[in-house]
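Only one chain is included here, represented as structure tokens and corresponding to the form predicted on its own.
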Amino acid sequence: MTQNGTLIDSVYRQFDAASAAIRLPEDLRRHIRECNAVVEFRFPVRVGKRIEMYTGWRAEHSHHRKPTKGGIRYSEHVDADEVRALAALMSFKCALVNVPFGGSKGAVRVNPYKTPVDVLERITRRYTAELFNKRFIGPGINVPAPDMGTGEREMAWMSDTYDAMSQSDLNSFACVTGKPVSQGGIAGRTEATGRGVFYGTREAMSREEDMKKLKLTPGTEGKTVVVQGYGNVGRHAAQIFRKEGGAKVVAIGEWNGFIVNRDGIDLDALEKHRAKGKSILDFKGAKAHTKDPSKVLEVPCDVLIPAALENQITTKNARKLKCKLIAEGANGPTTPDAEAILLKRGILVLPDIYLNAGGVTVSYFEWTKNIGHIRFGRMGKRLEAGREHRIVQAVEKATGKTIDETDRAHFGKGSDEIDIVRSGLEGTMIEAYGEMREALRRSKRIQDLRTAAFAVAIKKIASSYDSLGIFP
């Protein structure tokens, strides 16, 4: 519980506001709002010479599309309500970006940073076995993915365990996503959520009319960025904003402090520093602050990216923020009461169910790759490369000029899997933002992008019930 309520409270308030705005029938509202199923279980794991008991959860919010989809969170503070809230967000997130999955989420109460690797492996494999026995995992049933505290390694353990328990399943690789590429994963999945944050923010900042209200020029070039949370999402978002967006990252926050450099942090140097096992607070290229880590949110900037935990922006600090735009990389970083303050101040908030959807979008690509049993780009790359090479030759013949060898190699290489994945993610984020913005423009009952995002998602879920005659 925080001063502004729990994450499940926030999700319900956001859902209720959007369903009221689109006048969703009460019976359908009740059906879509609640989780369909939540399983909680305890399981033993040997730790040294003793047996420890661990608690795990898996929630399935909606079965309007199958399979259900959502990450596995490892945290010593997680509980059933948090898992339910995250599962609900997954339903709306998938619907918004047109990914045909229902929403799910899972968790184990454990501190992954203080638990030995061999114990984590036993926990993960036993957790997977529990899900298998309860029919809460499977390529056509429920497909986990990484979340806070988990990554490729844990997904590889889960995939291997599932495969051992279902040897006749030809599609066993598709039981989880976020796996190593060598074990059925897909190029670009690790960076996907951070890249989605960039694509979504860039699209929002391309709208001249909207940026004029924020007193910003269109585009990300030259804009200042602050990132709270330098994990997988925050780190990739920061790098992509700098390298591809031309932005300047001026502050980075972690759980124990933050660093600031108004001229821009050298992220390549920072990565080399971290590769030596050193804290960002010891980095010589920025000034460290350790007294109150949350103060990183108050560093002046154009774009603030909260990419840490939920409930970071509350009524306590919402009036102190000095940004023009908030790009929610984390799940639920802003409470509803805090957002009301931000909107009154004229700050644009790009909601998590939109901006955080890069991970599940690329997970969908990985799942379809596993189901199809073929690498993206394998069949068409040579054909595409040959066609591009002939176009280059035609241009050279028509102009009488020779194209530089570097450019020639670029034009004629064809599309690799990573190119296709990034293109698909970019198109997905652009299309979804257009739907959100159009919903906001057309309805006087919708006043902000979060309500618009929920409204678009709820309508898509509700349309699944057209055959029942419930939704007009």
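For every residue, the number given is its place in the sequence shown, counted from 1. From a predicted model like this one, the values you see are computed outputs, not experimental measurements.
Another form, the form predicted together with a small molecule, is not on view; read the next lines as being about it.
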4.5 Å heavy atom contact with the small molecule in the predicted complex for all of 41, 115 and 132: no
Stretch in contact, per heavy atom within 4.5 angstroms of the small molecule in the predicted complex, of 167 to 175, 282 to 290, 231 to 239, 154 to 162: 231 to 239
Residue 339, heavy atom within 4.5 angstroms of the small molecule in the predicted complex: no
Interface membership of residue 193, the small molecule in the predicted complex, 4.5 Å heavy atom rule: yes
Close approach of residue 308 to the small molecule in the predicted complex, 4.5 Å, heavy atom: yes
The small molecule contact at residue 254 in the predicted complex, heavy atom, 4.5 Å: yes
Listed residue that, although the small molecule is not shown, lies within 4.5 Å of it in the predicted complex (heavy atoms), from 124, 220, 331, 335: 331
Proximity to the small molecule in the predicted complex, single hit among 189, 202, 324, 84 (heavy atom within 4.5 Å): 189
